[in-house]
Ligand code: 13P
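Presented below, as structure tokens, is a lone chain in the form predicted alone.
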């Protein structure tokens, strides 16, 4: 599974150029879960235009509808045939002050309706203190007792790695991904074992070192997904190693 998170980037010109560059670089069309989360304002256009990408999602969702100016509800996503929603990204937590309780409500509203990609990760200070697993366990605590949809996915994104060019060692990522799978299985009511994606400065240069690892099921790609050719290279690497 490879998902692009375009964040607050994009334009009509961008996605048309992106489509050509991606298609020209892509080596093999396989049945990999391949998705893009563009800015929601472009969702409809991209879903109809980027036919080379089978799954189009959103970067966030609200858990209610009604008098909530600027919000996008789960029912709206269903109406638009949305394939997945990212929730809990560190930028939502830090810039918009989203806490675990709010993220839990979003997961509950999406569960059994639309595929959920839950982002979790520790800061540099927490990593240096050796608190990574404790932080991740706390963040995953919001799914305790939930019977999770089989498509429920976790993206491990160390906050200190996002956009910094820094990444954990691949062996450390593999260990953390196994830990995440174990925690989710033990916390969920139906013993769900999630797919776990790695995110945080993933590029076509380092992707192979991550995809080699047993418990890395794919990637949530930020900056490197903004260029169609570089994103296609990451997909090619994944298809060559994980299929």
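Bear in mind that the values here come from a model prediction, so they are computed numbers and not experimental data. Residue numbers count along the first chain shown, from 1.
The discussion below concerns the form predicted in complex with the ligand, not included here.
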Looking at 72, 103, 161, 114, which is the one with a non-hydrogen atom within 4.5 Å of the ligand in the predicted bound form? 161
Quick one: is residue 10 in contact with the ligand in the predicted bound form, heavy atoms, 4.5 Å cut-off? no
Would residue 200 count as a contact of the ligand in the predicted bound form, using a 4.5 angstroms cut-off between non-hydrogen atoms? yes
Residue contact check: residue 235 to the ligand in the predicted bound form, 4.5 Å heavy atom: no
Answer for residue 157 alone: is it within 4.5 Å of the ligand in the predicted bound form, judged on heavy atom distances? yes
Given that the partner is absent here, state which listed stretch (92-100, 105-113, 120-128, 162-170) has heavy atoms within 4.5 Å of the ligand in the predicted bound form. 162-170
